[in-house]
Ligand code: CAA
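In the block that follows, a single chain appears as structure tokens, in the form predicted on its own.
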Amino acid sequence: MQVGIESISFYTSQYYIDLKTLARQNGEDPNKYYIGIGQERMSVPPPDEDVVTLAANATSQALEGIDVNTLDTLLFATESGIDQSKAAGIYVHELVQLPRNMRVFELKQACYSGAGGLALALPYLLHHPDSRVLIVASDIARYGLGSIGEPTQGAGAVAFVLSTNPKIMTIDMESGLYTNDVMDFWRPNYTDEALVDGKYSIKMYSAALRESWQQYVNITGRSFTDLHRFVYHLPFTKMGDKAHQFLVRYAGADLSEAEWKKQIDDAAIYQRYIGNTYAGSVFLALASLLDNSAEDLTHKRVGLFSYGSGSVGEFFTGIIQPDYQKHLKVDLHKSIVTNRQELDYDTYKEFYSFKSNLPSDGSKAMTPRYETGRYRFAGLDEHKRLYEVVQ
């Protein structure tokens, strides 16, 4: 029996800032961002958008054509949690009107938790072949105005349905794993902006890739040449270049630059214009590969590496299915990326600062209305988050 991805879709905010605008504000050359880290734009959520609305929009898209009555599990992966007790997925469940007979809970481990949810769901589906599992990875990356990490911010959600009818991609059951207690990136409860040691984090990313890849090879007996394309967690697109160059060398593969870049470049296209989506990043990269590859990937094995700082890494693989293109949402996804409104710096700063000014004493605060998808965050009242359906 095969298990894998039946449907996948993503959503991001309807606003972005071009990094040349940020470069001018910081007195820097735009190529420091465009070329140096491989980023051109980053999505910026307005005051009435949060991880719940991003996730609900991605979910409603991913569920088109799916019998929701076969869903019995929703796993919400995020490191941008909105409550210390209640899972953000409960709000999504209500907004999208999913069946009552479901389990819903939240997963956290930096950018890794979406991949962790997938790993948990695979054996479950083998024992419950008539069920479907919905995984939603939704995050808003915040490092602080004027911080070193600011140009690698972003926002977005990826939703995908796992089932025993994997129309897009089967997932291999074997994977390589690695965990190590390190402080390369973290966010204490008392701040909504992440703390990061950038150079150390890249080092830890590479260590996790090496160790998880080696275990994957030891378990499966496969080699580098058995994989056709590679998909990486991308905090910024040049991280994919760094990671794949590292793996090419470690695996002893004899590839030209053009050859190894062909293996990863399609997966980095959306990231370049959306920015970091944390838990959703590796799956946004997978969607980018599927949507943008001019080559028919049918029957090709794809390698995926998910890394969550702190740290956990997993290397796993899957095989693209026949007629997978018929089940993609290419036009929708490209429209989402293309049809966004550009912000000037002052409006970007206003959007960014709004969250920090929300009351924490239970008083009522309603959010101004901006362009969103089908759902929006309406405000707070008596410590309760309020959401509404727009269309």
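Residues carry their position along the shown sequence, with the first being 1. Just so you know, these numbers come straight off a predicted model, no measurement behind them.
Omitted from view is the form predicted together with the ligand, to which the following refers.
Site annotation in the predicted bound form: the residue of 29, 342, 64, 350 reaching within 4.5 Å of the ligand with a heavy atom is 29. Interface residue among 178, 224, 260, 143 relative to the ligand in the predicted bound form, by the heavy atom within 4.5 Å criterion: 143. Judged by heavy atoms within 4.5 Å of the ligand in the predicted bound form, the contact stretch among the candidates 267-275, 198-206, 317-325, 88-96 is 198-206. At a distance of at most 4.5 angstroms from the ligand in the predicted bound form, all three residues 35, 148 and 242 contribute at least one non-hydrogen atom. When contacts are judged by a 4.5 Å heavy atom cut-off, residue 216 does not count as touching the ligand in the predicted bound form. Shown alone here, residue 167 lies farther than 4.5 Å from the ligand in the predicted bound form, counting heavy atoms only. Interface residue remark: residue 284 is not counted as part of the site for the ligand in the predicted bound form, having no heavy atom within 4.5 Å.
Within this chain, residue 235 lines the site of the ligand in the predicted bound form, having a heavy atom no more than 4.5 Å away. Residues from 287-319 that approach the ligand in the predicted bound form with a non-hydrogen atom closer than or equal to 4.5 Å are 307, 309, in the order they occur in the chain.
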